[in-house]
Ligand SMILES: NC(=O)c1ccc[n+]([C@@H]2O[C@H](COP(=O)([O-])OP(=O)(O)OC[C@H]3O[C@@H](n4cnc5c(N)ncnc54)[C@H](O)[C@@H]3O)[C@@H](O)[C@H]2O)c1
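Presented below, as structure tokens, is a lone chain in the form predicted on its own.
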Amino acid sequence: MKQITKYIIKNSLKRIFLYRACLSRLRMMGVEKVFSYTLAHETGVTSEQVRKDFSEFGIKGNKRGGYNTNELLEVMENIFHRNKEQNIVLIGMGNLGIALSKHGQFFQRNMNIVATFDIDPFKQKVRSNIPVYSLSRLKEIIDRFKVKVVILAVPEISAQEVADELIRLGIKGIVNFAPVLLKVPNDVIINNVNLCNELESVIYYVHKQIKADGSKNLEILYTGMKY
């Protein structure tokens, strides 16, 4: 049964991303051992929260002796299956798709975009490091490279149709940049990324902060006038 799905990344997993970034920086500085309070200070949480997150993902360490930086990073890499190459395809080579196909950190994190797809025949003829194919070759490429995860950057009007075909071909995870909530079976993971929503969220909090700062300034001014 298909249903509208928006996969919510757990806060604990988001914090693992932060811990990993912090550990990478500390390793570059030559730090060989870290403690939970160090990671807590660097990421803005408590030591207890760090240990709780580690426990959730099966990360073990010595509370008194700290964690070996290299070993801890290796464990985190295994969480994200960085120990083996992840083959991915990208559907939709508009401006956003082109930008995503050139994103260097995918390669750095062992995520390999093996092919891109677009319905525009002209784009299929453009020479690039990553080939652009017709959608008619989806099954061939997915089967050849054993692809399970797809980046979807197509217009809203065609997103559901393309998603249905991807799922029929065995895709189990979709990072969806189309501004629509896709209906998929329960065993398919969808992570909707709406850049406009993300930007509007920041705008909302910026104006909220400006308003709060303005209220504080008025309060200080009023208090000063009383004396």
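Residue numbers here begin at 1 and follow the sequence given. No experiment lies behind these values; they were computed from the predicted model shown.
If you look for the form predicted together with the named molecule, you will not find it shown, but the lines that follow are about it.
Exercise for review: Sort through Asn110, Asn95, Ser128, Ser136 and report the residue having a heavy atom within 4.5 Å of the named molecule in the model of the complex.
Suggested key: Among Asn110, Asn95, Ser128, Ser136, a heavy atom within 4.5 Å of the named molecule in the model of the complex occurs only for Asn95.
Exercise for review: Could you spot which one of Arg144, His103, Lys148, His81 gets a heavy atom to within 4.5 Å of the named molecule in the model of the complex?
Suggested key: Looking at the other structure, the residue within range turns out to be His103.
Review point. Does the named molecule come within 4.5 Å of any heavy atom of Ile91 in the model of the complex?
Key: So Ile91 counts as contacting the named molecule.
**Study point:** Ala115: touches the named molecule in the model of the complex, heavy atom cutoff 4.5 angstroms
**Key:** Heavy-atom contact with the named molecule at 4.5 Å: absent for Ala115.
Review point. Wondering, does Asn192 line up within 4.5 Å of the named molecule in the model of the complex on heavy atoms?
Key: No, Asn192 is distant from the partner.
Check your understanding: Can Leu182 be called a contact residue for the named molecule in the model of the complex at 4.5 Å between heavy atoms?
Key -> Output for Leu182 is no: heavy atoms all beyond 4.5 Å of the named molecule.
Review point. Pick from 52 to 60, 184 to 192, 158 to 166, 38 to 46: which stretch has a heavy atom within 4.5 Å of the named molecule in the model of the complex?
Key: Result of the contact check: 158 to 166.
**Study point:** Interface residues of 10 to 30 toward the named molecule, as seen in the model of the complex [heavy atoms, 4.5 Å]
**Key:** Residues within 4.5 Å: none in this stretch.
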